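Have a look below at one chain only, the form predicted on its own, in C-alpha cells format.
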Amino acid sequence: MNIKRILSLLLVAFTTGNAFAQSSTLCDISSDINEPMPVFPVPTETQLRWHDMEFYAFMHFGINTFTGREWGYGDESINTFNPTAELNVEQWVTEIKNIGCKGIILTCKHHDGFCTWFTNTTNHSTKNNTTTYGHVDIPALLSEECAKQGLKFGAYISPWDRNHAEYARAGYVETFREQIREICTNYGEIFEMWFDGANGGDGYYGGARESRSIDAATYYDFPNTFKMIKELQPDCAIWGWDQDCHWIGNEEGWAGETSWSTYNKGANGNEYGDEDGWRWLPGEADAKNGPGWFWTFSDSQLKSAQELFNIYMMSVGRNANLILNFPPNKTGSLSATTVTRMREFKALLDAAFGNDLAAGKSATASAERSSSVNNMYAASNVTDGDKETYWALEDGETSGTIDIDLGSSQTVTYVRLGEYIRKGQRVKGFEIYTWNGSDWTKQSTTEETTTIGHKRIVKLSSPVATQKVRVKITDSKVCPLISRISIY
C-alpha cells in the first residue's frame, strides 16, 4: 500500500469520525497535505461497500412459480410448491456469477406468506412440505453455494403476509421480526435485506378472507427491527424505508441521466436523487428479465441480450446499483434459454468493457492540488486502478481537464468515470473531447453528461479513432475529486 493511500484512509477516518476526539497531530497532517474537506452528506462504510457491489441478481422462486401468479393470495397449499427436480442452485450461482453479478438476493418470503426456509414461526413453509423436492431450505442451499463461489447472499422478506391470521394485529409484528432474526442468524453474512413497500389489502389471513389495512409507517415498528438487523448483521445494507439505499422509482431498471446519491424525497422513490439532498441515500434499480418477477411466463418472452445491456447502461452506468431478476422455473433450474440469453448478455459486456484502454496510461491535468506528499492529488491517480487515490483541484476551483494518452490510436466508444465519493458527490457537469492530431474535438454523447457519482458510463454518439481523450469537468459543487477514468 503506497503512502498516498495510507494517508488518505487515515484522514478519511479522521474527517468522517468524531473530529473533536482526534489529536492535534492529525489536524496538522491534514493541513500539511492540503486534504480536501468532505462535502456533506457522505456515505457510511456500509453504503460504500454497497456501492462497490454495483450489480447483483434477484431470484424470485416460491409458491407463485407453480400457480402462475405474481402475488399469491395466501391460501395456497404448501405442497403447491413442487419442483420437478432437485434445485440446481449450483447452476443458479454459476450463471449469475458469470455475467458479473457480485451477489444474489433471494425472495425468502413473498406476500403470500410462504417461507422458503425451515422457519419456526409458521407452518406455511417448506419445512412442512411433503413433496419429493419441495421439502428444502432454499436460503441454506443458496447461501452455501454463494459462499462456495464467492458471491454475497441477500434476502427479501415481505412485510405483508396474506396467509398469517394475525396480520394487521399486534401479534404478527413479533412473528415478522422473528423471521428476520432467523434469516440474519442462520445463513451467514447478509449483504442486503429487502423490504417491499406492498402492505395491506385482501388476503386469506388464516381463513378470514378479508381486506386489512395498516399504517405502514408505524405498524411494523421498523426502527427496532432495523436496530436488530444492524446488531446481527453490522455490514448489511437495508433497502427501502429510508435506510441505506432507496428504490429508484420504477421497475424498468433505469436511473436518471442526472443521478444524485443525495436524497430528500422519502420512501416513494426518485430516479434522480436531489442535488442538495440532506442525506446519503443512493438509488437501486430493479428490473426483470421477462414480463414477471416469478417464472410465470415463457422463454419467448425473455428480454434480449441487448435489452439487458441497455438496462445495465441505464443503471450501473448512471450511478445506481442494478438488481436484475433471473427466476428459476418449475424444474428448479434456470431455463436453457435463460442461460443462453445471460451468456449473450455477458458477451456484450465483455465486448464493451473487457479492455480498459486507459489502465496504467499517462494522464496529465490542467492543474493539480498542492500537497507535501508528491503527486498526492495527481492526474495519474485516475488510471492507477486504486479507488482510494484521486485527482483533485484546489479549493474554489470547480472546473478543469484531464488528458489521457492511450499511447497509440485506438477506437474509443465508451468513457467511464468515478468520483471519490468518501468525501461526497460533487460533479454537476462534464464533457468528453478527443484529439484529432492538431486540436481537441468535443464529442457528442448518447445522453446528458451531468453527474458522475460512484460510476458513470457514457457512450460517444459515434466511435472515434484517437490517441488522446480529454475529460473536462465543467461544473462542480466544490473542487472535484476524480478517482477513476476508464476508456473502452
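Keep in mind the model is a prediction, meaning the values are calculated, not measured. Numbers follow the displayed sequence, beginning with 1.
If you look for the form predicted in complex with ligand FUL, you will not find it shown, but the lines that follow are about it.
Figure note: of the listed segments 285 to 293, 304 to 312, 411 to 419, 171 to 179, the one touching ligand FUL in the predicted complex, with heavy atoms no more than 4.5 Å away, is 285 to 293. Contact check for residue 71: a non-hydrogen atom falls within 4.5 Å of ligand FUL in the predicted complex. Although the partner is absent here, residue 156 is a contact residue: one of its heavy atoms lies within 4.5 angstroms of ligand FUL in the predicted complex. Although the partner is absent here, residue 194 is a contact residue: one of its heavy atoms lies within 4.5 angstroms of ligand FUL in the predicted complex. Contact check for residue 198: a non-hydrogen atom falls within 4.5 Å of ligand FUL in the predicted complex.
The single contact residue among 386, 299, 395, 251, judged by any heavy atom lying within 4.5 Å of ligand FUL in the predicted complex, is 251. A heavy atom within 4.5 Å of ligand FUL in the predicted complex is found for exactly one of 459, 60, 455, 428: 60. Contacts between stretch 80 to 117 and ligand FUL, counted in the predicted complex as any heavy atom lying within 4.5 Å, involve 110, 111, listed in sequence order.
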